[in-house]
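Given next, in structure tokens, is a single chain: the form predicted on its own.
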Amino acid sequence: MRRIAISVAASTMTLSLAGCGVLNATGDGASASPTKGNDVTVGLLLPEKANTRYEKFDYPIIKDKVAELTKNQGKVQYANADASAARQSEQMQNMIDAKVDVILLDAVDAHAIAEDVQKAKDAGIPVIAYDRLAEGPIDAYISFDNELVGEVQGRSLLEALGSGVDTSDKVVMMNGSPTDPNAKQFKEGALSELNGKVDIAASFDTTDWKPENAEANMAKAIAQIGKNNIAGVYSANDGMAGGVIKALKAAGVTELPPVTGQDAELDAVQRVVGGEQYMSVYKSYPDEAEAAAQMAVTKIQGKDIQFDALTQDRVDSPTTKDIPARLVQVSALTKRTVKDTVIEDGIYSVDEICTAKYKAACAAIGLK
């Protein structure tokens, strides 16, 4: 369920309300949440470490924003499940036992965690689904527009294949983990662009998003299709793109087909600059993480007007309908847009990207 126009409106409304000084108001009315001061504890449960974004961006940004919003009186209790649904269940129970005020949950397994979400609800702890839409009675959801991510990837792959692309061009789809609801949305978005325009010759759902699993799957695809018959590869994220490229090189492919990605990880940005990976999807982690911190703090402080302004989108999960949400927009990162995305936003510096190995490639696209 996608309402991009409403998402943009929500962002605009947030800015206009802030300009009027309204966002510090607390809702009146019977539905207002219990008000708490600045001494809030936000529980943050992140899903894995294979993707460097969680440790490098999401956690520190949320921690800093909570501190800013609470005049350094609030804190973040953090745990990373390292791709284990069982471990995440234990971590969530620990946070319930510790009586945190609100939980930001990025689920390893969106279905399996539903029982724990219910436990938090029973304990009076609001749960906001972060980045992945968990099942159970969650109070709100914030993520990027996941179908749009897939659409951007699919369109970019077609762009790379050029004007001569036709239905005989064989494409491999390396989709994300079947336990991650985002992966399904990425796939649907990509297929909305690719169906009828290329031949999806092989498609894999990659367990736990692990690069080594993507590498193994790609080796199977190469054996099935032939290393010289693959026109392009849809990879749902950068880590898997790295595994795909390793498999292609191991098979002796010297002219790599275009490969997509997502997350703008540093090594992926370098592969884009160097021509090994065609594109990544840049998602502004500061925008998502800061908005999540705002949602968590305003929710528990009972600032309902501000919370409503932040969550004017609506989404459905398999268990819960009409969930207040915010969907953050995304953009394609290619050689042409590195400067306007990760560098302009301060995610990476030119020096970080343009190491000795990539100096010449950076100079060729004006990065220096």
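Note that the structure is predicted; figures quoted are calculated from it, not measured. Heads up: residue numbers just count along the shown sequence, starting at 1.
Quick note: we don't show the form predicted in complex with a small molecule, though the next part is all about it.
Peer 1: With the small molecule left out of view, which of 131, 116, 109, 139 would have a heavy atom within 4.5 Å of it in the predicted bound form?
Peer 2: After the contact test, the surviving option is 131.
Peer 1: 314, 335, 63, 53: which sits within 4.5 Å of the small molecule in the predicted bound form by any heavy atom?
Peer 2: In short, 53.
Peer 1: Given a 4.5 Å cut-off on heavy atoms, tell me which of 249-257, 290-298, 96-104, 174-182 is the interface stretch with the small molecule in the predicted bound form.
Peer 2: Heavy atoms within 4.5 Å of the small molecule in the predicted bound form occur in 174-182.
Peer 1: Is residue 237 close enough to the small molecule in the predicted bound form to count, meaning some heavy atom within 4.5 Å?
Peer 2: Yes, contact at 4.5 Å.
Peer 1: Do residue 282 and the small molecule come within 4.5 Å of each other in the predicted bound form, heavy atoms counted?
Peer 2: Looking in the predicted bound form, residue contacts with the small molecule do not include residue 282, since no heavy atom lies within 4.5 Å.
Peer 1: With heavy atoms only and a cut-off of 4.5 Å, decide whether residue 48 touches the small molecule in the predicted bound form.
Peer 2: The answer is yes: residue 48 has a heavy atom within 4.5 Å of the small molecule.
Peer 1: Is residue 278 close enough to the small molecule in the predicted bound form to count, meaning some heavy atom within 4.5 Å?
Peer 2: Contact check for residue 278: no, nothing within 4.5 Å of the small molecule in the predicted bound form.
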